[in-house]
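To begin, one chain is listed below as structure tokens, in the form predicted alone.
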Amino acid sequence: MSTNGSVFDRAKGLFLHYAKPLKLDERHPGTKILERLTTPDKIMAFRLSLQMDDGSVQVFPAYRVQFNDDLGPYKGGLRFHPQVTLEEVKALAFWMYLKTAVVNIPFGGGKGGITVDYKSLSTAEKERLTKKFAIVLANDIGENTDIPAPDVNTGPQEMAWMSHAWRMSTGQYNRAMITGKPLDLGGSLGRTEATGHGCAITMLEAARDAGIDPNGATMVIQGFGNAGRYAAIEMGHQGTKTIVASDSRAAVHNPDGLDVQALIEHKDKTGSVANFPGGKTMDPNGVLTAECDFLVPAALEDCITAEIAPKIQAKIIGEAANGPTTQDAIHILYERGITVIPDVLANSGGVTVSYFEWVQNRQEYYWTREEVIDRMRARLVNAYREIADRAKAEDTSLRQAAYENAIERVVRAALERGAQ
């Protein structure tokens, strides 16, 4: 598959590559099913004008893409970042509907964003911009239509602002119209750690299949942010040592295992893993190829390339980031016998607990953290087992099996609903 073109072109190419063995056009002639599944339902692109604290006005492009709702309302995060583009938002909405289908939750795929250097704004400017974004989208989002959530540079505070602006615009008080909220406003316990914890759950299942004892095993984390730190915490509970951790500024290692809690406190205080007293500085370029049992790429897209894949020494890779492995590298890792838990499963803990938050909001009955984690574990383990069994039966990769399961689920729903 070609790696040329936009990020959406590559996402679409990946989909068509994994859909090919299903022979959908032959099985469902005249339905245009592949075209339907690779074309967004609705694209919204608009301008946001923001009066800054100094009285000047700045203009920012903003987007919301609703890709597919065959299985349920659109669901997907909001990223506020200078590099946000429409093509990126389309690709992320595309991946989201596949991710929800993989874990069999009743959502479709959506994504939104603003092209803005969000971190440079004052708190008041952030609030005004976020609320204006919600007001523009007020008629297009809601608990039965499209449910936003946090992503890059957004979190509970932005979701609270969105919820309030939507309420003021529509006159409705409805907690379920957005997820990732503060606990006081209907957020779910377990949401903060869900993505990293979910990645750990899937890696432990893969380790069981591979005969790897997590107690005493080693792990490397590229991207010691939210997902990376909670993956380290959960794997640590199973006896796995995190021996390397990196962020955008530095990498540290300790062959005897880094003190994860101390590293978290150090990063929260200083903003980086750099100069952590419990580890030695290492070349960040060597993180992905360090010797270990588990490798967690939790940072950048396309970081595992065809040049790096032959040098990777991990036995199991859990893709906590979106799209961290290029298509050429995917093939190399599979040929080498390295188990790769694809992003559509490995990082689906976040959207799974977002689903739980939505369910709790609709009932106005809230679960304990233990209930949330237990329900997430059951759902992810079931999804992993379905995928692993299919991969074994077809002698293929977990990624191929995951895509096939997701595509077949959406195809069934789309055809049952009809073309109109």
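Note that the structure is a prediction, hence the values are computed from the model and not measured. A residue's number is simply how far along the shown sequence it sits, counting from 1.
Quick note: we don't show the form predicted in complex with glutamic acid, though the next part is all about it.
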Distance check, residue 342 to glutamic acid in the model of the complex, heavy atom within 4.5 Å: no
Even though glutamic acid is not shown here, does residue 126 get within 4.5 Å of it in the model of the complex, heavy atoms only? no
Even though the partner isn't displayed, in the model of the complex is residue 96 close enough to glutamic acid, meaning a heavy atom within 4.5 Å? yes
Any chance residue 76 has a heavy atom within 4.5 Å of glutamic acid in the model of the complex? yes
Note: exactly one of 72, 236, 150, 323 sits with a heavy atom within 4.5 Å of glutamic acid in the model of the complex, namely 150
Listed residue that, although glutamic acid is not shown, lies within 4.5 Å of it in the model of the complex (heavy atoms), from 113, 279, 228, 350: 350
With the partner removed from view, which of 214 to 222, 96 to 104, 299 to 307, 168 to 176 is the stretch that lies within 4.5 Å of glutamic acid in the model of the complex, judged by heavy atom distances? 96 to 104
